[in-house]
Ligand code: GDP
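Only one chain is included here, represented as structure tokens and corresponding to the form predicted alone.
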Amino acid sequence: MAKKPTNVSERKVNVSTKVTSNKATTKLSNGVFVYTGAISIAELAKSLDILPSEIIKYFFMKGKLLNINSLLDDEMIGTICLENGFDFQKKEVVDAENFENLQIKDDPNDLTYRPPVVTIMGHVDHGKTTLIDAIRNSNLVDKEVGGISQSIGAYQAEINNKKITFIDTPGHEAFTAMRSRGASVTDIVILVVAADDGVMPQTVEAIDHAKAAGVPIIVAINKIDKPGADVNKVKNDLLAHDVVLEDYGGDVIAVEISAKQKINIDKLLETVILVAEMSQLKANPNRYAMGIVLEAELDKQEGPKATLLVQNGTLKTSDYLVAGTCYGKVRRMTNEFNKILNTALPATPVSVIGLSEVPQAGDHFMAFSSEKEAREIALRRKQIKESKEKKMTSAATLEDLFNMKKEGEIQNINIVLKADSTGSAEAVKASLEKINVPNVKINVIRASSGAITESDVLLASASHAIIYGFNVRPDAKTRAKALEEKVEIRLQRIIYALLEEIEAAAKGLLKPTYVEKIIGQAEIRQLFKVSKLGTIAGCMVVDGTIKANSPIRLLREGVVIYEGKIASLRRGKDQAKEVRSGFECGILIENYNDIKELDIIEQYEMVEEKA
């Protein structure tokens, strides 16, 4: 019997961590043809001990002209195997450079309890950092600018001899991207809601991110000691956002606390341990470390510095790391108190120095046995990333959904829905959820009223979702962010057109004909009333170009309030054919005078798109 490792230095890796070849392999065993990669007719014929001409003839009779070197897809291979009395099985081989996709199967005897990773989320100033302060008996709040968290912090606490790892995600709207990263690595979300303030915009965003990540939520109703605290109102507000507490027959636990007065903190932590035990969180410390980069920066004195969360295995000083497309040797490893560590077990957050460059937050990392191996894998990952960036997007597009459905791959269509009113948002959401296509689920991860914002774009990017705007528009800054994040924004004004488009994509029948292209936006800065003409808008073109002959729509706080045409476009006293970004102009809208300062005049054209 093999000796079981007695300490973390005797780590083992149950998967190959060498850079493997992409060459296909085949094997016939007990009547089952096992293969990897793409197989040619010659290779398949040799493995099955049949003539290549028989395979070529079979496909010729099916209307396909192939030769001995033609590569066969999985369906073709399966057909030939079954025709010749063999079963077949394809094995997916993951190269070491794609280590985040490794399917690791640990011996159950090697698995041990690991601490839960808990993300604390909520609206700004609802007491998230004060809660961590109470848990750690530290004084984090005083160290922060204005008492507001400005970056992701990761900390560990020990309760009843069991550790819990906390990630403090900033609650301010400007840090939505950090909040989405927090949700992607966490086991449990503590949603902090102030009892005197109730559910606020960032509370709803936090709920959306937690649901998108598919993790259990524990609600901490904070500030119960303050005058005006209304716990029941908080519970009812949460119910309106599909967070059903145990009091109302749901499965979400709520704990009433005061982080400042340290009331019920122990009860909250016991609840975390209870939920963690129900989730049976385990990891194998006897392997090379794998995990996620939480945050990274370039330190002027120490060079590239990264905050890592070890998710499996044990990280040691002197290990060689690949993080994203960077590599290096762990020269120093410290915890949140800046204490030097030699080892970091699963669910431990650490700060490391020694990488070749600064990785990106959200990158996966893995430890390897040698610098040469780490360097080769990092270089290969960089090449793969550059290649993918040229042809792929991080979020889904409707055309992607159509193509994946045709190939039988798609199961979920994630949608972020924004509408001109709450009623419209709920109506469209209800209609979308009624679409019934076999093996396809329409998942509306956010449905709310108001203009499409950068927060919506970040959520869509994190959730591989499409944004649909129903009678609302994004501004130029949001469109630029969507372009940067490669998030598709689809805009509709008619509910049945929106539903038909989604249903067609779900069924694999999408036939796009025309798409809308925004050509310019002008902000109304002044109003001039002329008795014979009406109200002239004194505008500044803030994006693109405004033309005299294209249709326009009038936006007020991102919501469409009128659609029509330009009756007159002027630069100074002269008529103009077009006015470019950065220039002022006067616009008279045909048959419409109800305009206000700061309204946006948006111009668009319909462009034919090939199916």
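Note that the coordinates shown come from a computational prediction; the quantities given were computed from them, not determined experimentally. In case it trips you up, residue 1 is the first one in the sequence shown, and so on.
Note that the form predicted in complex with the ligand isn't included here; everything after this is about it.
**Q** If we define contact as a non-hydrogen atom of the residue within 4.5 angstroms of the partner, is residue 481 a contact of the ligand in the predicted complex?
**A** Contact with the ligand, no.
**Q** In the predicted complex, is there a heavy atom of the ligand that lies within 4.5 Å of any heavy atom of residue 129, even though the partner is absent here?
**A** Residue-level check for residue 129: yes, a contact with the ligand.
**Q** With a cut-off of 4.5 Å between heavy atoms, is residue 505 one of the residues that contacts the ligand in the predicted complex?
**A** No, no contact at 4.5 Å.
**Q** How about residue 472: is it within 4.5 Å of the ligand in the predicted complex, going by heavy atoms?
**A** The answer is no: residue 472 has no heavy atom within 4.5 Å of the ligand.
**Q** Based on heavy atom distances of 4.5 Å or less, which listed stretch (291-299, 222-230, 368-376, 451-459) is in contact with the ligand in the predicted complex?
**A** After filtering at 4.5 Å, what remains is 222-230.
**Q** Go through 501, 516, 125, 270 and name the one with a heavy atom inside 4.5 Å of the ligand in the predicted complex.
**A** Looking at the other structure, the residue within range turns out to be 125.
**Q** Heavy atom within 4.5 Å of the ligand in the predicted complex: which of 260, 329, 382, 464 fits that? Just give me the one.
**A** Among 260, 329, 382, 464, a heavy atom within 4.5 Å of the ligand in the predicted complex occurs only for 260.
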